[in-house]
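Below, in structure tokens: the form predicted on its own, a single chain.
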């Protein structure tokens, strides 16, 4: 009798999940993230889930998460990129040299000139795209395995970055450039709420438009209550996240300096929250763009078709060689953007920037559900995987776990994640 009731409950839960069209893998990752947060919050006597730590956690996640969105495309096409950390370092070195040598000495633009940061960022992105496309050409047209090409790139570009800067730390960087690092560039409470409301409106509109599209094509749709519930969950998540970030107050002395820089006197008792960091906003925009590319463009369809069956994709007319170049070029561009965030957060370029990021990026994509066999992966999964990875590392650091043991835990989590993925795909019949 008990077994019958238990089985009936499982069937009901399955029906509910099917009705809501919820990705069970996503649900599992969210559950794992919540468990990690609760455990570390208990171990740190409530310090892990403070507004300050959540703010720091988000800006620490951005750099790896941006690259993880590109790694999804690379792994989906059955390749790997071990050079992303070194490529980030080279792009960072190029941007640092542009700000401290090229724009002031060659173009006559001093540090903190309005054009200095945009020029540096363009130089970094151009560098990333060129190197990424070169990797793709070696893999796609010369047939060298991506593992070998990018393993070589890991060694080459790390040391190219060293030679570009003569092994020196370059800084401080341009003030406008540093805005992309996190705490030095935020929207403030008011604009954060405006962005949050706009994001909720966009999310609800997307859900409504998707429902209309399904109805117009005679596809089955979720019940209205399920649509409303899903919309409410999304709205609460967005508004709650921004509320937490706005709750992190700017220290009084810093506020006073900000008012003094504007030639004003801070009113007595005045307080203000940091709000949404520009780097997090950048990650959100990249996630939206990459998701649209994956789901709504021909390039995205070609990427997943090639990953699913390369031979069939080539026979159907897809230029898989050129596609490989494009995928690695996208990865290079995202490495450059991550370099902007990482160096801006540090306020300088250092020789060890991006060290071991290749492992964190691959782990984030795999934990997020990207299949190493190719053909399957999601952008939001990779970002959530990066968040889980950073939560583990931050939590262990707060508890006082030594760095070697942190790496042991992260490596173990990666292996377990792949094992869980294999078991999940066998049980669900997914390839």
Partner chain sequence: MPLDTSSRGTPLVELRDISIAFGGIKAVDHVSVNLYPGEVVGLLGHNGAGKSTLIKCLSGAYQKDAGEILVNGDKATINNPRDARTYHIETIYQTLALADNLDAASNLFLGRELTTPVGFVDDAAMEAETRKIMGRLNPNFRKFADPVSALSGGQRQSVAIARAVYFNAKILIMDEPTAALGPQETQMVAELIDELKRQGLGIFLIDHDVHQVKALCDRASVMKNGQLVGTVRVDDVSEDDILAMIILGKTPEELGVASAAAG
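Keep in mind that this is a model prediction, so the values were computed, not measured. Numbering follows the first chain given and starts at 1.
There is also a form predicted in complex with its partner chain; it is not shown, and the following applies to it.
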{"property": "Selected contact from 271, 213, 169, 190, since only one has a non-hydrogen atom within 4.5 angstroms of its partner chain in the model of the complex", "result": "213"}
{"property": "80, 287, 238, 318 - the one with a heavy atom within 4.5 Å of its partner chain in the model of the complex", "result": "318"}
{"property": "Its partner chain contact in the model of the complex: residue 309, any heavy atom under 4.5 Å", "result": "yes"}
{"property": "4.5 Å heavy atom contact, residue 302 to its partner chain in the model of the complex", "result": "yes"}
{"property": "Close approach of residue 209 to its partner chain in the model of the complex, 4.5 Å, heavy atom", "result": "no"}
{"property": "Residue 163 within 4.5 Å of its partner chain in the model of the complex, heavy atoms", "result": "no"}
{"property": "Contact stretch among 243 to 251, 132 to 140, 292 to 300, 102 to 110 - heavy atom within 4.5 Å of its partner chain in the model of the complex", "result": "292 to 300"}
{"property": "Residues in 210 to 245 close to its partner chain in the model of the complex, defined by a heavy atom within 4.5 Å, in order", "result": "213, 217, 219"}
